[in-house]
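As C-alpha cells, one chain now follows by itself in the form predicted alone.
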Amino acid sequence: MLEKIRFDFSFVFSPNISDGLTEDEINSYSEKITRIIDEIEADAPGFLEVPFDKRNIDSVKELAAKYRYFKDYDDFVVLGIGGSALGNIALRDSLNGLDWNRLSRDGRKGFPRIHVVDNVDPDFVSSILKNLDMKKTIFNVISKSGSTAEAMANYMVVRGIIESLGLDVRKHLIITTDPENGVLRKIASEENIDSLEIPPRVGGRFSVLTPVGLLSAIAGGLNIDALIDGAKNAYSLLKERNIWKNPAALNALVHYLYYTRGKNISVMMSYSNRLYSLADWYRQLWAESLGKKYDINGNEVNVGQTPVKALGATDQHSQIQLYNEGPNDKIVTFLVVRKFDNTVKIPKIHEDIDSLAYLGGKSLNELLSSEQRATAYSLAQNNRPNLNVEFSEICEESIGEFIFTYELQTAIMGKLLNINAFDQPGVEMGKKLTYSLMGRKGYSQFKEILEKSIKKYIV
C-alpha cells in the first residue's frame, strides 16, 4: 500500500534556514536510531501489537453487528476523558466531517450522531444530555481502571436518568474497560452489560486504534479495517533502518535535536478544520508521554517539549506574529491536505478593484494552500524550523497512518530522552487530591496535606 501521508522536512535543514540541522547531524545518529528501533521491537510496547491483534477489531465488529451498527439509535455518546475521548473526537471530526451531528440521521444512511462527553463541566454535560431522546440513545462508558472520576461521574448521571425513565440499562450502555479488573468490569459482568476490552498493555493515549476508538468509529459508519491498514503501513516504515526513509524516526530525531537547541515548544498547526482535533490528540500524546521529572536511571531531568495547537489560516492572525518575531523556542508542524473533498470557487466580481480582483476565478483551496506555503516560508526566513505532514486526502488510511506514525515517533523520542514514555506519575497526585476533596474512602490524608500546605492570598 502506498503511503497516504508524507513528510516535507525542507525547512528544518540548512541552508533553507541559516542555523538549521545538517545531513551530517542526522547521519551521526544512524546507529543510535537503529539500536532504538531494535529495542522497541524487541521489547514491544503494548501499542505496537494493536494493528496486528485481530481480536480488537473483531470484537468491535461483532458488537456493532449485534446492534445493527446502531442504526436503531439516533445518538451514540462516549463518556470518557483524555485518552478515552480525544481519539474518538479526532476520528469523528476528521473522517465523519464537521457537520456529522447535523446531517447524520437524514443524510448519512441512518448512522447515529456521535457525541463525546469528555468533561464534567455541568453546563457542557447538560447541553448534550438535554437534547437527547434517551430511548434512542446508547452510551459507551470508557475507563480502563473503572475509577476515573470524570468518566464515572458522568456514567452515574446518565445511568440515573436511564433508570428514572424505566429503561433497560443493558439496551443503553456499553462498557469499555480492562478485561479482568476494575469496577466497570465487575458491573459489566454482574449485570450482563455488553462490554469491550482495552488491551492491558496499552495506555489510554495510545488506545485510539483499539476498541476505545473503534466502536464510535464504526457507529459512525467508518471503515475500521482501513484505519488499521493505515497503521500497518506506518509500522512497515518503522522497519526501514535507513533513517531518511523512516518518517517516525526522522521526525523524532529532528524534534530531539531541536529540543537540545532550546526549541521547548512543538506547535501543530492544521491547515484543515477537519484535522484540527488531531492536534488535540497529539497534545496529550506528546505531553503526557514525554514530560517527565526523572529519567529511567532515576536522575532528575525535568524534560519535555510543550505541545501547542494552532489552526491555519485563522491563527495567522493571532499566533504567527509571535512565532516569527518572538522567542525562537518553537518547531512548527503543518498539517496539509493535498486534495480536499470540496472545491469552492471565488467568483469574478469587483474586477475593477485591484485589492479584490486577484482573488476572482481562484478557489478557497488555492488560497489556503498559498497561505500555508507563505507562512512556512516566512518562518524559515526568520530561521524558525518547520515541516509539513501532507495528507494525499483525508481518509481512514491516512488518519490511521498518521496516528500510528506519531505513536511510533513518541516511543522513539522517549528513548532519545532516556525516559519512560509510557507512564504518567505527574497525573497521580492530582487524582488523589480530587478523591480526597470529594470524600472518597481511604484518601482523607491527602485533603489534610492540601489544607496544611496552602498559604492563601485571596484578593
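Residue positions are given as counts along the sequence shown, with the first one as 1. Remember, it's a predicted structure, so these values are computed and weren't measured experimentally.
The following text describes the form predicted together with a small molecule, which does not appear among the structures shown.
Among residues of the shown chain, residue 284 is one whose heavy atoms approach the small molecule to within 4.5 Å in the predicted bound form. Although the partner is absent here, residue 145 lies within 4.5 Å of the small molecule in the predicted bound form, judged by heavy atoms. Although the partner is absent from this view, residue 81 contacts the small molecule in the predicted bound form, with a non-hydrogen atom inside 4.5 angstroms. Taking the partner from elsewhere, residue 204 is found to have a heavy atom lying within 4.5 Å of the small molecule in the predicted bound form. If you check the small molecule in the predicted bound form, you find a heavy atom from every one of 288, 424 and 431 within 4.5 Å. Shown alone, this chain has one stretch from 145 to 153, 307 to 315, 274 to 282, 228 to 236 that lies within 4.5 Å of the small molecule in the predicted bound form by heavy atoms: 145 to 153.
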